[in-house]
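The data below hold one chain only, encoded as structure tokens and taken in the form predicted on its own.
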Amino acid sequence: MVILLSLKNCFQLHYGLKIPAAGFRCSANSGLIIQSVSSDIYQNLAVEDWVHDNMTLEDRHVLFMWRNSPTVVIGRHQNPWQECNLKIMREKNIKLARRRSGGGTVYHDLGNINLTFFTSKKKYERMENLKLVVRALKALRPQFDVRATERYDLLLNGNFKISGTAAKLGRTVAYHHCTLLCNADRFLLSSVLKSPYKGIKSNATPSMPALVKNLFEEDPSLTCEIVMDAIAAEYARCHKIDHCITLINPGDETVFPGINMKTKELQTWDWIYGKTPKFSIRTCFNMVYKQSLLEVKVDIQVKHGRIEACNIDLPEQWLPPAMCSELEKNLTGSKLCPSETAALASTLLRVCPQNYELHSKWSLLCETVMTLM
């Protein structure tokens, strides 16, 4: 059952804050089920941060259910260039987000359900949460073959991954979150979770590819709403609380003081790209110029998402060495970002000799380098 209540009043009944905030009280009630009305990834991740940072969960539990518009979400220690196709994502306006937890890269859209289980650190138990989801699915469709694995995934029919897991353990509070593929766009999922970038050397956490399937493909009558209600019902039964889902607005500062600052931080370039572990790109590619095939070698060192060092090896005499050196010099210190590189290239082009052939070669080289970004 979904109810529209003032979450502020609901929290007054259920929880105390670690930090003082007017209107919040603590009581003996042991559980709460909340669902976001937002489909914005940054707002929903900010709810996780806010609950983790501000609520005391000793002997209490929270289930947070949420869905997002098309987004790729990478783990805390991952490399987006290594994990996804940024070019397709830019073309299709698919967001990129970095979460606070570890784990691998996942694709979200409105056909994917996200579940976050908050507890005290002492009561953190991923497998129990996954078993709860399995029981909820079995209650809906007893014929489903759904199992939790030792890697904390959920498999359908023994082969198809329908859920992946990640977690964050704080000093006293922990959360475990997982996806659940209900009716996601599997074509888009496979397209964006395949990096086209070659020659990357990195110590970032790699994702583990897996065959995936939607619950909808097994039973077209299942919707996200039906599945979420079943999970909420099982959660309420386990924790002996009312089966009530409270809808929340993650942008409401009267309920979540300071949450909009958390949302803004999660959207910044420095968080999404700048937290990428140091890596290098060493690759070579062919350029076609006037029916000639030219081999170009590129060696780029990247730290905090910015180019730390750059070397471009071109065929002798194809471009004046000074022009290539100027490009390398200006790329150093810049973001590994096509829009920033395009702006740099345009600026440098205006000061180079007014020669059509040089301009054509310069533009081709810059466009080729940008394909690495």
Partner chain sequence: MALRALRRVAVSLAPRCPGRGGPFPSARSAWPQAAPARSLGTSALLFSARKFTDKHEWISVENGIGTVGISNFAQEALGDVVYCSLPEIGTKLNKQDEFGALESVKAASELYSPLTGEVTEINTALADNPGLVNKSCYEDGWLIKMTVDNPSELNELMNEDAYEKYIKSIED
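Because the structure is predicted, anything quoted here is derived from the model rather than measured. Positions refer to the first chain, counted from 1.
The discussion below concerns the form predicted together with the partner chain, not included here.
Only one segment in the set 74-82, 219-227, 294-302, 232-240 has any non-hydrogen atom within 4.5 angstroms of the partner chain in the predicted bound form, and it is 74-82.
When the partner chain is considered in the predicted bound form, Y124 lines it closely, a heavy atom lying within 4.5 Å.
Proximity of P250 to the partner chain in the predicted bound form: non-hydrogen atoms within 4.5 Å are absent; the residue sits far from the partner. In the predicted bound form, A210 stays away from the partner chain, with no heavy atom inside 4.5 Å. For the chain shown alone, G103 is a contact residue for the partner chain in the predicted bound form, at least one non-hydrogen atom being within 4.5 angstroms.
Residue A167 is the only one of L96, L140, A167, L110 with a heavy atom lying within 4.5 Å of the partner chain in the predicted bound form.
For the residues H52, R306, R67, H61, the 4.5 Å heavy atom test against the partner chain in the predicted bound form is passed only by H52. Residue N203 is the sole member of 183-203 found to place a heavy atom within 4.5 Å of the partner chain in the predicted bound form.
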